[in-house]
Structures are given as structure tokens and as C-alpha cells.
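Just the one chain here, laid out as C-alpha cells, in the form predicted on its own.
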């Protein structure tokens, strides 16, 4: 019966305070996660297994009383499992939680994507936000287009290691059924294009991307041994027209990086590049259902002047932009449990 009273009644003082502490708690959780990784605690516990608080503090050269509080907080955050800690004794045992193993592996040494998210956060969170808002020059943490081959490789590695959810979303939507020629605009290193080839033997794919990323795509295509059905077209979609003659044009995890006006321009180029009856396919994260995800990324975009405003957009904005460019939405496929992405299928009006 007590559990019935744990959620505050909406509009009450406890509900008000609870929502405010959720905001404060988010900041505390982020600092805990940063330090959890900086201390290489996942690696230690992944290798050794659960350890007493005294042993962990000794290994990490941290003060026992402060360290015990830190470990206990990590357990409250869901990153550690705590046993024998009921009376706050020194010999409480702490080990990696199931959640931590999902992020960083059984050995605590995995999770490139999750670790890099924290690194990106640290790059911007250390900057004085008021000074930034008032015009402080920004370090070149992220630039578009990538300034060096190394920066392009880092970007495309990010896109590659997170591609599985996008691939599953596109395949589940069935939007490629009946397609013969696909243009994957901003198609990274070709990972998604190659996945479409495997799923649809009748499909041919062209990956459109900037020169540095196009070079990476050629390497991936060579490794996957698909040269007869996939090729690479170099170009800058902000400046160049898209190649024509396609019955499917795909934007997957591309439009979120661009303002509505740029998206409308890309849709207009897509309309000119599609054959009659062709379909424009959009695989992106909407604001709906992804508020924390959107806030996390939109905060970072404050510090990236080469990107614009309102990157994460609701479905209605896409609907209006498509209409402006001469398209109408024929179907919308909702998010799967595997990813943040929804799929829009649009046809020319």
C-alpha cells in the first residue's frame, strides 16, 4: 500500500519540489558518471569483480569516508550494486550493476559510444556558459565540415557504431520494398547502404557524401565486397545538386543536424532528383518521445557555431517542410524499442 503514495499528486508542493530535484539530480548524476569513468572504476570492477569499499578506496587512492559516499551515490544512480551497506560500514561491497554492464560491458572496458558521449559533454561543460552566451570565442570542438581526415574518420566511426538501430528502423518500415535505385544522402562510410544491399538483392545504392567520408565509404565497400551494386558520389549537399534518376532517396540521421530552412532546401533538391513515383525516406529522431535525448544534444549545439538552431524537430515541422517542397507524407513508422528513430515516407504531390 505504501507504494501507492510514492508518486506525488500533480500540482501539489511535493510534485513541484520533486520536478525541481529531478533537474538538480541530473547534474549530480552527470558528475558521478564523469568521475566513475575518469577513475576507471568500470575497468577495475570488471576485472576484479565486486570489492569492499575499503579495497576500492585503497586502489583508487581516495579518502575512505568520502569514497564510501561516492560509491553509495553511484549505487543510487544505478551504476553500482551495493551489498552489506545497510549500516554504512567500511566493508560494504560494491560491484558493477546490470545497467553499467549494458553500457561498458562485462569487463567494464567497452562502450566506445557511451564513453565518447561523456567526453563530448566534458568538452563543453567546462566552459563558462554565461561567457559563451555573451560571445566568448569557442574552441573548435566540433566543426562542419570535418576539418581533417582524422575528424571525418571520428565522425564516421561514431555513425558506424551507432548504425544498428537506424538500420533496424529502416528495415522494419519496409520503405525500400520495390525500390531499384537508392541515393543515401550523407550516407557516412556506406554502412547503411551496404545493409540495404544485403536486405534487398534487387537494390542498387549510391552513397553521396563529402570527399573525406566518401573515401572511407569506398574502403568499407571494398571490405564488404559489393562494388557492382554500390558506388560513391562525392559532393556537398549544401552547395551541389543531388544526382538524379533515383526511386528512393534516404536521409538517415542527417536532417537532425540542420535547421528547418536547410532541410527544406534538401527536400527541394530531392524532389528534382527523384523519378516520378519515387519516395523520399527520412529516418530521424523527433522531439516527441525523445525529450531528454533532444535536450542533451541541443545543449551541446550551443557551443557549436557551425551548426544552427532547433536541430531536433517535431513531426509537424517535417510535415510542413515537406509540403513546402512539394511532398506529402504517405506513412510514418513509429520508433522501435531498438532506437530513437522514426521513419517518414513521403511522395511528390
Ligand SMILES: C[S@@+](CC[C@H](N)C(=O)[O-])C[C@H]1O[C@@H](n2cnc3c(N)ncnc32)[C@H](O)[C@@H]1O
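Numbering follows the first chain given and starts at 1. Here the structure is a predicted model, which is why all the values come from computation and not from measurement.
Keep in mind that the form predicted together with this ligand is missing from the display, and what follows is about it.
Of the heavy atoms in residue 156, some are within 4.5 Å of this ligand in the predicted complex. Contact check for residue 254: a heavy atom falls within 4.5 Å of this ligand in the predicted complex. The closest non-hydrogen atom of residue 120 lies beyond 4.5 Å of this ligand in the predicted complex. A residue is said to contact a partner when one of its heavy atoms sits within 4.5 Å of a partner heavy atom; residue 179 fails this definition for this ligand in the predicted complex, lying far away. This chain lacks the partner; the member of 85, 186, 95, 260 within 4.5 angstroms of this ligand in the predicted complex by a non-hydrogen atom is 186.
Interface residue among 236, 219, 102, 89, judged by heavy atoms within 4.5 Å of this ligand in the predicted complex: 236. The stretch among 107-115, 128-136, 274-282, 204-212 whose residues place heavy atoms within 4.5 Å of this ligand in the predicted complex is 204-212.
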